[in-house]
Every structure is written in structure tokens, then in C-alpha cells.
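A lone chain, given as C-alpha cells: the form predicted alone.
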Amino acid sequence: MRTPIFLLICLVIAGAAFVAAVAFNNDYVFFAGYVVMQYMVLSTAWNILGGYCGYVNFGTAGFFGLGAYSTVAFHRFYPLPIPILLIFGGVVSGIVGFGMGYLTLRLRGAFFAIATLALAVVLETLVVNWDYVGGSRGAYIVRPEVAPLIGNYVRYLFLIMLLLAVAAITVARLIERSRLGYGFATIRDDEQAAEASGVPTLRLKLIATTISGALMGMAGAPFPYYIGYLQPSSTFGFDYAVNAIAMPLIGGTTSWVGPVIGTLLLASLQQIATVTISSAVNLLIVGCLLVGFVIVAPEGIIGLVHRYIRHKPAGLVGRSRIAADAPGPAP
């Protein structure tokens, strides 16, 4: 798919989603939609490092919380518009992502995963002991009732996260079809062979950690305005890490489409369960779906589709090719 067509499709989908949400005229739809778009950004960001490069990152909550508390820090000094806070959150988390990569990317496998989990714990500990952003007491952010141009602030937050999700998907799509994406694929397939062939693996991995961390921080930047009260234990909660890993794995990690499909499926189910049953069952849904897909479809939904295409009966494939090559009706 060509990039201009892809961007056009993303903008059309984003516009349709916003118009559909407005048609409901119910603030909860925007609250739920915000969470779905937030997880779409997190899962897409995780997939840049975990899916494209093959390095499993358990530090999603750390980068997300860092973006959220960077907003609190700037808000205490001088309140800024959310688009500017997105940039600051992305820069701060991107710098930390680069530093994390420089220190930990020489580790591989489970050792790297444990190191990223430790990073999230360290960041939470620093925030708990930082009184300027509220420390262990948490921080309150008074959300304005009216947003510029749109009016309703909840809808404004939803629109911001929707546009950020489109931007994250676009970045993942551009990376996948570029030389950078092909370099990531060589690292995922066989890093030692890639190094022997002259691929600058460390530099590519540092780029992946920086981009991934920046997008996760940008996803967390509007969160204080969404929730109103920020607490370290919930902001750095392990739920974000679990969901950010499960959604790409369910959808498929080798393509930008996988995190989108996995997020729409899993996050929507979680929001429905929150309304109908309880939010306590969200992780149960994640665990059941993850175990089921690991057993039935370890390559995710995208892998299931590719497997079906590969095993399609020869007669059907032949007829479809003949139909595709047949000339159209004469004018």
C-alpha cells in the first residue's frame, strides 16, 4: 500500500471515529475511546522494539508514567497546552529510552526484559520520593471544562489521543517499509549474523528504544488531565506493560496492522467488561486471550490470515488469479 493512500485511509478512519463518537452524545463513549486509543499508541510503540527488533520490553509503564509526571511537573511550574506537553513528554521519555538502550541493549532475552522491568520500578521509586510532583500522596490536576475550538474537554482529550494514535501508526508503517525497518528485521531474525554482515545493530536498537520510549511518553502526557488524580502505584501499574505486550502478540508483531487489530479487540472487550461486569476482570480477559492465541495462533491474527492464504486450495487460487487477469468488459 502506498504511503499517501495509507495516510488518507488513516485520516478517514480517524474522522469517522470522531464523528461516530460525537453522534452518541455521551461522554463515557469518549472516555472509553480515549483508553482504546491510548492503548493503541502504547501497543504500537512497544511493537517497534518488541515486534520489529525482537526485544521484549517490560518497561512500558515506566515510560508511560514518565510522560504523565512530566506533565505534572510542567503544570506545577506553568500550565501549558496539551499539544506542547505531548512534545515535552515525548522528549523526556525519548531521552530516557535512549539511556536505557545504551545501558541495557547489550543484554539479550530474559536479561533485557528484567532490566526494563527494573527501570519501571526505579522510575516509580523516584516519583514516590519526589515531593514536587506529589510524591506518594499523588497529584491533583484540575481539568478545564471548556477546550479551545471544540468546547467539551473530554472530547478534546479523545481527539488529541486519536490523532496521536494515527501518528504512531503512521510512524510504525513508515519504519516497516524503510531501510530502518529492514535493519530491525535482521536484528529480529539473527542479530549475530546481522553484525557479521556489517549491520550497525547497536545504533538501530538505540533508534528503536528512543522512538518507542518517546511514543509511550506522549501517550502518558495527557493522562493527568484525563484521570484528574495521579497516583504512582496506578500510573506505573503493571497493567500497562501486560496490555502493551498482549495486544501486539494477539494481533501479530511483524506488521503495523497487528497492534491495531489486537488493541481494537482486547481494549474494546475490556471496556465492555468494565461497564457490564467489573474492571477487575480485565487482566483475566488478557490472560485467557493471550494463552489461547499462544496455543492456537502463536503468530497472532495476522499469522492466521497468512496461514489461511498459504493453505488455500489450489483451484481457488487459480480461479482467483484467472479472474484477476481477465480483461474487463469492452467499452
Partner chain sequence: MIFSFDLLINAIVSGILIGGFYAAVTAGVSLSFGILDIVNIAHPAFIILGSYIAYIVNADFGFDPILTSIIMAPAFYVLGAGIYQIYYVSFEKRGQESLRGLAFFFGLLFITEVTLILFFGVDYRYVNAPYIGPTWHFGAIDIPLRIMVPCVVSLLLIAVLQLLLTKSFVGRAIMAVAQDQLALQLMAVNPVRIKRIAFGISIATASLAGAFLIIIQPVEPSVGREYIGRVFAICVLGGMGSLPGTLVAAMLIGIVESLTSTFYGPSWAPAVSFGFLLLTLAVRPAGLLGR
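Numbering follows the first chain given and starts at 1. All figures in this text were calculated on a predicted structure; none of them were measured in a lab.
Not on display, but discussed next: the form predicted in complex with the partner chain.
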| item | value |
| --- | --- |
| All of F158, L269 and A273 with a heavy atom within 4.5 Å of the partner chain in the predicted complex | no |
| Proximity to the partner chain in the predicted complex, single hit among L265, V29, V35, V281 (heavy atom within 4.5 Å) | V281 |
| The single option of I141, V133, L204, A113 touching the partner chain in the predicted complex, heavy atom within 4.5 Å | A113 |
| Region of this chain that lies against the partner chain in the predicted complex, out of 75 to 83, 161 to 169, 216 to 224, 96 to 104 [heavy atom, 4.5 Å] | 96 to 104 |
| Contact label in the predicted complex: V305 to the partner chain, heavy atom within 4.5 Å | no |
| Contact test in the predicted complex: A208 vs the partner chain, heavy atoms, 4.5 Å | no |
| A241 within 4.5 Å of the partner chain in the predicted complex, heavy atoms | yes |
| V122 within 4.5 Å of the partner chain in the predicted complex, heavy atoms | yes |
| Contacts with the partner chain in the predicted complex - residues in 264 to 302 whose heavy atoms fall within 4.5 Å | A280, V281, L283, L284, G287, C288, L290, V291, V294, I295, P298, E299 |
